[in-house]
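Single chain ahead, written as structure tokens, the form predicted alone.
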């Protein structure tokens, strides 16, 4: 299998390294608007490179889109026109209009697209998904979920990120749907720049709290913080009438306990996103290659990505208008 990789930055490099270890991948062809970066990555992996991503569409078996967010929708439209199965990093777009255009093109073409929501491949989240689907937790009453970054992004990234909801918490919105098997009906969101005022310069926030109502009756509380002095802390707790479970909680979770008799966290503390989700990133790319090879269904579709992005947009509107927002307002 010949895979075309668009984007040779941090996440593109990670995906390329995984692809390079898979026996079914015979060749990786790298393209990036920064030609030097494409050459450097292709040399590191003994891969090929092209100067223009358009050169890939007639010469490879599948595409991995790991370029900047504003390019995702146009590239998805291109791969749909070329009839190529595609892996695309989240989100589809920064705005719902181009998101809809890309999704329409993909669905009309019938190509398989797997979106890059790697938490679906994390063992803890997958196990919670299976337990709920089996009814082992009973009626799910409450979900609490969080993402705490270790270090805030630089100002130049904040300026183009699209904001905390589509950039950071979109993972929480997707995994909430995946784990519970329910759709979000309504959100109420608030936020602050307390402690990190630089985010306010870009009309963004550094701390967010979202409450959500789901169509199965479950309530959810989602929090996000752009900096955590102990490390990258991503967890979920699910409370049901028959059982309750936690995901992402282990002796290395970066939170200091004040309870007597405990000595947590233990070294090595989870410092970054790769330490927390490295295995999930590997599993999602393995799943993509296997799905292409076997002509199987996508484990995370563009429709899934659209649903998560609409929730993110509803959160933005809720914070700006200081009111609850129904998801149906975007239909």
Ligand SMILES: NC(=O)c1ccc[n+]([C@@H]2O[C@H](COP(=O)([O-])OP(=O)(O)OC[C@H]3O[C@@H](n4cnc5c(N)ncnc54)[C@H](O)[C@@H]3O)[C@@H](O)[C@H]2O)c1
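Numbering follows the first chain given and starts at 1. In this text, all values refer to a predicted model and were calculated from it rather than measured experimentally.
Form predicted in complex with this ligand: not shown, discussed below.
Contact here is defined as any heavy atom lying within 4.5 Å of this ligand in the model of the complex, and by that definition not a single one of 173, 209 and 330 is a contact residue. Shown alone, this chain has one stretch from 273-281, 300-308, 259-267, 40-48 that lies within 4.5 Å of this ligand in the model of the complex by heavy atoms: 273-281. Proximity of residue 224 to this ligand in the model of the complex: non-hydrogen atoms within 4.5 Å are absent; the residue sits far from the partner. Using a 4.5 angstroms limit between non-hydrogen atoms, residue 10 touches this ligand in the model of the complex. Although the partner is absent here, residue 58 lies well away from this ligand in the model of the complex, with no heavy atom inside 4.5 Å. At a distance threshold of 4.5 angstroms between non-hydrogen atoms, residue 167 is in contact with this ligand in the model of the complex. For the candidate set 28, 285, 62, 66, a heavy atom within 4.5 Å of this ligand in the model of the complex is found for exactly one residue, namely 66.
For the stretch 32-67, the set of residues having any non-hydrogen atom within 4.5 angstroms of this ligand in the model of the complex comprises 32, 33, 34, 37, 53, 66, 67, in sequence order.
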